[in-house]
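Single chain ahead, by itself, as structure tokens, in the form predicted on its own.
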Amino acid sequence: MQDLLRRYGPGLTLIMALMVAFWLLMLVIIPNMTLFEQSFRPYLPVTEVGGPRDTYSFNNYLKVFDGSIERSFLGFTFTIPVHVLTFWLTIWYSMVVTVMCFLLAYPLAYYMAKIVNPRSLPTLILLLFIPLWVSEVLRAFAWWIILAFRGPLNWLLLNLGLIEDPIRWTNMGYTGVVIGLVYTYVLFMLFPIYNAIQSLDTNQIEAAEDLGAPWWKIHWRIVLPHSKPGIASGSVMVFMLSAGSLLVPSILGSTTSQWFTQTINQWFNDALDWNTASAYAFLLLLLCTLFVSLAMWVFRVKLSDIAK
């Protein structure tokens, strides 16, 4: 705050603080508090709202355990609630998206930070940013066209002789969803890692090369530990954005894939039960936050590392 006062003066600093406070209060705190309060109340006709049946309970949250489905895993058959299965599949494939984004972003981030000509860097960054100028809906539909049964991807693979028959990519479970999410959120992994690697002293890498260290050990012992804050920040953003995505799973999902946000949307728009939808939304937020906290503890990442 003292830096802001010194740089912008008390008047402009007060205006910025009030704008941030207004944004947090009106667009974050009050809507979430309203949804949180509604999540404990039953879905009732308007005439019964405020009546004797309008009481607080955990019934909306317990609906996640309604309805069961049989699944097989490693030869074992078990029964699991449908919405619980949907939630864990959402968490699992969000992890897959996060890992794939890291595998794609890390080499490119290292190339941008330590190898590319500084004069070419602005052009490269511009090329990476251009897709963000297009609406997420249009990008998702573009991938739907690419992954179509007679789309460009199948045409290319057929002409290269890599496949004999067209593949129904959008009907292969969560394949289309994962591809779309990786494309949509990979930059949220790229730039935090790039910023972290850019601050690494190149002399450390050159010293390791002079001492005969192989390239993989240089990355394992020097680059990766130094870029840990960027990896942590990017992973949290990609995971939370993927788990909370609605457009991409709705457009690129198959008949056998269901994202948890789609379940929430069905409660909101199809069933018009905003109370249960609010409960599901807070379950997603709470459990994703707990999962991220557990992952940070396992990998020994502190909140200060993510905030860097």
Partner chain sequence: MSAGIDLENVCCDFGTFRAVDNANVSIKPGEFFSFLGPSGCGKTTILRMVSGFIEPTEGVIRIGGEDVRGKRPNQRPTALIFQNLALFPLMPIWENITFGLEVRGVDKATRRRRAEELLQLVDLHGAADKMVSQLSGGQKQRVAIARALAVEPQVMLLDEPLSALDLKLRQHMRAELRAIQQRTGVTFIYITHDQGEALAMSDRVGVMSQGRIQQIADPREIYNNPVNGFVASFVGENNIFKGEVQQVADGMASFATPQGTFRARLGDLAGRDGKLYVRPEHTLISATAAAENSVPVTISDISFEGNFISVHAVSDSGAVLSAELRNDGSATMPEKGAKAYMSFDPARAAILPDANVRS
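Positions refer to the first chain, counted from 1. Keep in mind that this is a model prediction, so the values were computed, not measured.
Absent from the display: the form predicted in complex with the partner chain. The rest refers to it.
- The closest heavy atom approach of residue 160 to the partner chain in the predicted bound form falls outside 4.5 Å.
- The partner chain is not shown here, but in the predicted bound form it comes within 4.5 Å of a heavy atom of residue 212.
- Residue contact check for residue 222: one or more of its heavy atoms lie within 4.5 Å of the partner chain in the predicted bound form.
- In the predicted bound form, the partner chain stays beyond 4.5 Å of every heavy atom belonging to residue 121.
- The partner is absent here, but in the predicted bound form a heavy atom of 208, alone among 80, 100, 208, 148, sits within 4.5 Å of the partner chain.
- Screening 117, 199, 72, 203 for any heavy atom within 4.5 Å of the partner chain in the predicted bound form leaves a single hit, 203.
- Per the 4.5 Å heavy atom criterion, the partner chain in the predicted bound form is contacted by stretch 222 to 230, the sole one of 163 to 171, 222 to 230, 187 to 195, 88 to 96.
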